[in-house]
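Take a look at this single chain in structure tokens; it is the form predicted on its own.
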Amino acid sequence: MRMKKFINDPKNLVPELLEGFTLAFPDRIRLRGTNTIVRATPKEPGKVRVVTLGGSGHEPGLSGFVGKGMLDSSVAGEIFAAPGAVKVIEALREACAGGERALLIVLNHAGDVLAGNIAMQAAEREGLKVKMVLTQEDISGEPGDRRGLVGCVAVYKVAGAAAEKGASLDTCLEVAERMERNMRTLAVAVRTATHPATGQPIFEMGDDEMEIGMGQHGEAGTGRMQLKTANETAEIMLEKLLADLGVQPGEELLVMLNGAGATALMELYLIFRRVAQLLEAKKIRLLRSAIGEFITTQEQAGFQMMIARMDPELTELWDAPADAPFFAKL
């Protein structure tokens, strides 16, 4: 099927995207250089800066979470590609100007990790006070080498809230790592996306098929199967997540459902309805929830389900005020 998108010259896609994005939210964000989104009003001196990086084409992720109570800056790459390490280093220098400290949050994808590691090496050589946390909560991968999916948003939220409160860099890192350790994500896809710059499909799938374990960019999952109902899909995914995290009756969970780009809210609420029913039956408390599009893949149809074990401090940080273009808590 021929791609139909409202774009101009594909070579200018990302600069025009970022320009349009910042023009839409001038009171919250601005564009620094060619590809770094920063807070319009910088954080007060002495507070930890929270920085991330990742490819474009997943809007609102990741730059949609720059704002008070969340990220201070987001370094954007080309479509589905990590930004170069040079841009990440520049963002860390800016974040640490005047002796400030920064926390770099990186999703576990090869290009992102490479850029993050090179930037951290440069930061160490230059004496910048930076620490890095890697999000890798996708249970379709092997433990120790799992991809980072929508769980990064929860890490942005709690680490950003801690930083906004004036917590130390070590405390922000501990909070981020605790959130990361206690969350799990699983994705499912039912229809492919196209790369907006080339028009090529990311993967192929039959009309009556779905694949659980699909990665953010269409990487192969753990199993292709016949398309299931909303209830059946919710049951399959939630059982895998609960087992991997080892959730017990009486524990409290945050549940996020992240639409991939072409999945209606109607479908997400049907899935969430069944998740809530299942948790109640298992005597697991549904403490907080977030349903919507946080990290997308163009017109890919499907969603990511994320669960996170919460404690009182993480819950307080999740509930703390935030004012980013696509994540506000007032």
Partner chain sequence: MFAEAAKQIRREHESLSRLDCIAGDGDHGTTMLRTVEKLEGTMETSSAKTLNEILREAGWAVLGVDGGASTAILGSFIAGMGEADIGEESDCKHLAASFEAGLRALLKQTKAKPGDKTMMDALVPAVQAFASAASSGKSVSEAMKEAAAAARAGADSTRDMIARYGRAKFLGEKTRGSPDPGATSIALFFRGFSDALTQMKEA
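Numbering follows the first chain given and starts at 1. Computed from a predicted model, the values in this text were never measured in an experiment.
There is another form of the same protein, the form predicted together with the partner chain; it is not shown, and what comes next is about it.
Chemist: Could you work out which of 236, 173, 81, 242 is the residue within 4.5 angstroms of the partner chain in the predicted bound form, going by heavy atoms?
Modeler: Of the listed residues, the single hit is 81.
Chemist: Report the stretch among 97 to 105, 165 to 173, 150 to 158, 115 to 123 that approaches the partner chain in the predicted bound form to within 4.5 Å, counting heavy atoms only.
Modeler: Contact-bearing stretch, as computed: 115 to 123.
Chemist: Determine whether any heavy atom of residue 198 comes within 4.5 Å of a heavy atom of the partner chain in the predicted bound form, and answer yes or no.
Modeler: Yes - in the predicted bound form, heavy atoms of residue 198 and the partner chain come within 4.5 Å of each other.
Chemist: Can you check whether residue 77 is within 4.5 Å of the partner chain in the predicted bound form, heavy atom basis?
Modeler: Residue 77 belongs to the contact set for the partner chain.
Chemist: Does any part of residue 217 reach within 4.5 Å of the partner chain in the predicted bound form? Heavy atoms only, please.
Modeler: It does: once the partner chain is placed as it appears in the predicted bound form, residue 217 has a heavy atom within 4.5 Å of it.
Chemist: Within 4.5 Å, heavy atoms only: does residue 134 come near the partner chain in the predicted bound form?
Modeler: Residue 134: no contact with the partner chain in the predicted bound form.
Chemist: Taking heavy atoms and a 4.5 Å limit, what residues of 29 to 66 are near the partner chain in the predicted bound form?
Modeler: If the 4.5 Å heavy-atom criterion is applied to the partner chain in the predicted bound form, 29 to 66 yields only 35.
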